[in-house]
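First, one chain by itself in structure tokens, the form predicted alone.
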Amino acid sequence: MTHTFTGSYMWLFFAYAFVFIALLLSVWQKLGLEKDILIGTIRSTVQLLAIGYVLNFVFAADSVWFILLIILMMILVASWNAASRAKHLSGIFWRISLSLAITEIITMGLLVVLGLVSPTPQYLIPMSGMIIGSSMIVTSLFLTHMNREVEASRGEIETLLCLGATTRQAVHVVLKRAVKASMIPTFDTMKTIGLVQLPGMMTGMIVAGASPIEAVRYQILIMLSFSSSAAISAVLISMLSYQLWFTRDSMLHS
């Protein structure tokens, strides 16, 4: 039997049964997550329904300006989310935005120029969303690891500065470790994809009726582009942001 979600929102009502299970477990174990679960459920539902109608309009309009506007919105929201990992760093939001924008231009530009992706809203917007989302996670991981590494190596960094090292030289090893740590999850996922999990894009295409081989082709394309976007975004944000951990006098912020 084939089930469809069109024409009625009854499926949404039944889907909330999974949320009810999460709420029951939270109450039972006294986890105190009921508010977070409800807010997350409401926000995700409203946001996804809203973007569904927006994309329906954008696809029908087929305007390059609407495509750019959607991608810009994705970059700004992703930047805001990643910047929450380092609120103490002044100017980090715009550095993240620049990093994500350059990553998107390089990665998506190559996909289009090489003829791997058709330059239409139906391809550009979903694939841009996946690239930006993946880069956002890499950026968030970099900031988290960088904060931890700087605190753990504070004495070493300050000693190097006292010996005459530049801020770049003093933080080089720490920066390298943070960049590496931020990229590892992307490549770990690539090692197990298809064996441990069937990715979202591939699953969605198969459920929609596409050939599994065709779905695999697009998923391979996405995963390989993720390797590039992870490296680009990690290196870019490290180059653009490392100075923010220092004062104007080239001393570590306390």
Partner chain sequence: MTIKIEALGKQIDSSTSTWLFRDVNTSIMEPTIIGILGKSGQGKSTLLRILGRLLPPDAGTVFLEKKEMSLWDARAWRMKISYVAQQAVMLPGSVEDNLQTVSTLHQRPFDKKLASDLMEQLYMEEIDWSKPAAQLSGGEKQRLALVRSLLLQPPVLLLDEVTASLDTKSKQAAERLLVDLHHQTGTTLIWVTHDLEEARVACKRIWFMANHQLAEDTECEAFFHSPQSVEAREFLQDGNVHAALSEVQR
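Positions refer to the first chain, counted from 1. Here the structure is a predicted model, which is why all the values come from computation and not from measurement.
Keep in mind that the form predicted together with its partner chain is not shown, yet the notes after this line are about it.
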query	finding
Candidate stretches 156-164, 135-143, 178-186, 115-123, one within 4.5 Å of its partner chain in the model of the complex by heavy atom	156-164
Interface membership of Q169, its partner chain in the model of the complex, 4.5 Å heavy atom rule	yes
In the model of the complex: members of 202-223 within 4.5 Å of its partner chain, any heavy atom	none
